[in-house]
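The chain that follows stands alone, in the form predicted alone, written as structure tokens.
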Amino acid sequence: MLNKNLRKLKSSLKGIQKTGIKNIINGKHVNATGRKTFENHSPVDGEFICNVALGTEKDIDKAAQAAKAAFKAWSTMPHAERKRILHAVADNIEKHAHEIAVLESYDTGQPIRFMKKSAIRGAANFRYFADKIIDAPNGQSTPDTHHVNFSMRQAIGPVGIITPWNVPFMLSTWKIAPALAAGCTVVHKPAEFSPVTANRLAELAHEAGLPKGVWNVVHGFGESAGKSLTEHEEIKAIAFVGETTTGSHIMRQGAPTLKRVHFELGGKNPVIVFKDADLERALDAVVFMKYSLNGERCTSSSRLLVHKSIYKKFVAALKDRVSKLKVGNPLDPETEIGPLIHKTHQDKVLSYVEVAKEDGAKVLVGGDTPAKLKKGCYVNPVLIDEVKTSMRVANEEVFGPFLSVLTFDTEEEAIEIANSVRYGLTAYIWTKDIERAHRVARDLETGMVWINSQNVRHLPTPFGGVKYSGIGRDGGDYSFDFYMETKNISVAYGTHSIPKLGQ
């Protein structure tokens, strides 16, 4: 299977390496202004993948103007036609799922076992929101004595979408699909570390019949292309997934134009294991939610809070499982952990091992690089024990295969520890006591809680965080609340009195 994936990768890269990755503006592949580019390398082996267009303020302006020009026709297109196009996009994604998976795996280092599912999930996002198009404008009827009031939702206009490098294909569909379903047009700025599948996705959309200008892609760096997008007058809203500090920069940059923002930011998510939990299922979930996707996921359970009475037994089993995780080439279906996205990120994750030691914590597993993988950005999965709430590894987002273990005595202490960080994205609770589960879920300062489960997404439900983990919610109608404005229309019955002046 590895050889099959390598052959598919070689075939898929031919065109990309020949032409490089260009911007897509008004349905055309175009060079960046001044024809400047930057290099993209694979974290798998450090090999050069392609040159990428280095977008600037001028490129963002061209894309924003194209999105503005396309907005009226797209937003007023009959819902059945928009639905047909988005379903066709989903069909194209499914048709090319293997190609998308190998490209994403090589470009980001994510294991192919997860990227196949991620591509299919991207298609599901388009199908779900395609079917919601007919309901997107719906509002409420609120009659009064002398008036009937009804509201409707209308697309806000051209929007900017800035996506991260961890699972870029799926997260792009998660943002772009509802924007298009709402009737918005899009300027997409992908992360510079993972540009490949962003273009492939937009290409598949245009092949499916998406009109020119509705979906534009501009590559480049955050301080230039990203900043220009967040400041552009014609861009009415910014949906961003990424690091918390960047989110605060975007808020400042968008303030002069009163930009609406939606942020999915960092997390330092707790998984709380009480002594009455199903320990086997809890162990499976703890390992999966921290070490899948290379630990590079905002919803990963990066802090394990385990009751002191089961601490030794649970951590011993956890240590055994983590030490057996398979690190290797992400295109190999047997691989469970691939390389991290970039050398700078590899260095960051490894630096936290030293931070943990300096603070007095104990490294149980990992903390170094695999001896047999000299090329690429590989890290052996890390398990840190004897962590205290005051330590940096208990408070700062490492964003890698790095799990910190803390202990607690009481329910109240578990809640206090869980809430002690500045983040509040998600939490996981393991207990057979249903009353306790409800109490703890209520008292945790997070946007989402899973009880006796790993993160299992149900598309209609709200997704998002509190505190430093974000603003707003994705999913179902919650997405439309961001991409659409609500308008109230009041119609008089003709029975109310009108004050007379000037008589």
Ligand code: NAD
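Residue positions are given as counts along the sequence shown, with the first one as 1. Remember, predicted model here, so these are calculated numbers, not experimental data.
The form predicted together with the named molecule is left out here; the points below concern that form.
- The closest heavy atom approach of E203 to the named molecule in the model of the complex falls outside 4.5 Å.
- Remark: A191 counts among the residues lining the named molecule in the model of the complex, judged by a heavy atom distance of 4.5 Å or less.
- Using a 4.5 angstroms limit between non-hydrogen atoms, D131 is distant from the named molecule in the model of the complex.
- At the 4.5 Å threshold, heavy atoms of F314 stay clear of the named molecule in the model of the complex, well away from it.
- The three residues P111, S118 and P195 each lack any heavy atom within 4.5 Å of the named molecule in the model of the complex.
- With the partner removed from view, the residue among S292, T407, T431, Q253 that has a non-hydrogen atom within 4.5 Å of the named molecule in the model of the complex turns out to be Q253.
- Checking V271, L425, I235, I384 for any heavy atom within 4.5 Å of the named molecule in the model of the complex turns up a single hit: L425.
- Judged by heavy atoms within 4.5 Å of the named molecule in the model of the complex, the contact stretch among the candidates 101 to 109, 409 to 417, 133 to 141, 244 to 252 is 244 to 252.
- Residues E397, F399 are the ones in 385 to 399 with at least one heavy atom within 4.5 Å of the named molecule in the model of the complex, listed in sequence order.
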